[in-house]
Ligand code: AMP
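There is one chain below, alone, in structure tokens, taken in the form predicted alone.
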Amino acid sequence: MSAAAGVEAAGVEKAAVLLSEARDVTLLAHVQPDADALGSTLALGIALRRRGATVRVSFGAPDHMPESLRPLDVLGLVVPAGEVPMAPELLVACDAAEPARLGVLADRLGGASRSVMIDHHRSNPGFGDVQVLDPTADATVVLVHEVLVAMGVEIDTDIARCLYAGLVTDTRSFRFAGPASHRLAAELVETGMDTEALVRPIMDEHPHAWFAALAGALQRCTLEPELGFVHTTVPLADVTRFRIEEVDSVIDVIRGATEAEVAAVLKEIGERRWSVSLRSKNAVDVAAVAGALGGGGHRAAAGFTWTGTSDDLLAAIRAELAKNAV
């Protein structure tokens, strides 16, 4: 076992002990939570509630749960950010690469009696009293599964669905998954869960009206062959009209451009405010690009927010891409 693996294993054991003894637990996902963040918090939350603990799951923004992920909350654990206590007994942050990713709930870290951080982002600086941090893990749900096993929790279909949702989405349908994730997926499927019924609404279904908006985003799509860079924008009107699921799916369409190593989607979230998604085919470390611009993430998937014009934003991305060129 490597030193890093030993540290992570120790964190798993410490987290398992804390959670096993906890009577009141607050589980936080990052803002704009995806399936890995919510799958992680809800898998832990279901296990803890069934053991008799008081459990709440929340996130800083938006003020509602992504529609396609609502079926994961079988026990009704998700509460609005305003209902999260200022001083939680035990706070667990899942899939948050840094405290700022907790948004308006970041201050709960300082008020918590004890805190646990479970994450797999390489850019994570480390925070919380107990840290389960492993950048080699394919998804945060992989680490949550390790904690659940250490707690002696039986992985039933409800918990398996939460874990599988995070695993299948963060590995892009297992295209970026290692052997351990494939083995875990098999274990989860063996609980009897219906993978097609789970994944279809998360990854494959969109309202008909979205296709016109997607067509607009594709018409605005621009290729810069000298940088191997493709990008487009989603205007505020479309960001506010459609679900997170639709807006976030644009990057998975344009990243398929054969000529581009890096793809970016600039999502307008306010006046001169942008949320940017970056993807690469792995030759360029977009986490380094995002990190230089105030964000973070993984080598092949990262993001950040920006204030300014779209022209200035694109210029900043180009400058960082030039620095990180292979």
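Since the model is a prediction, treat every value here as computed from it, not as a measurement. When you see a residue number, it is the position in the sequence shown, counting from 1.
There is another form of the same protein, the form predicted in complex with the ligand; it is not shown, and what comes next is about it.
Asker: Want to guess which of 272-280, 254-262, 37-45, 59-67 is within 4.5 Å of the ligand in the predicted bound form, heavy atoms only?
Answerer: Careful reading of the contacts points to 272-280.
Asker: Report yes if any heavy atom of G303 sits within 4.5 Å of a heavy atom of the ligand in the predicted bound form; otherwise report no.
Answerer: G303: contacts the ligand in the predicted bound form.
Asker: At 4.5 Å between heavy atoms, is R101 in contact with the ligand in the predicted bound form?
Answerer: R101: yes, in contact with the ligand in the predicted bound form.
Asker: Can you work out whether R161 and the ligand are in contact in the predicted bound form, taking contact to mean some heavy atom pair no more than 4.5 Å apart?
Answerer: No, R161 sits far enough from the ligand in the predicted bound form that none of its heavy atoms falls within 4.5 Å.
Asker: Please tell me whether any heavy atom belonging to H121 falls inside 4.5 Å of a heavy atom of the ligand, as the geometry stands in the predicted bound form.
Answerer: So H121 counts as contacting the ligand.
Asker: Which residues in 284-301 have a heavy atom within 4.5 Å of the ligand in the predicted bound form?
Answerer: If the 4.5 Å heavy-atom criterion is applied to the ligand in the predicted bound form, 284-301 yields G295, G296, G297, H298, A301.
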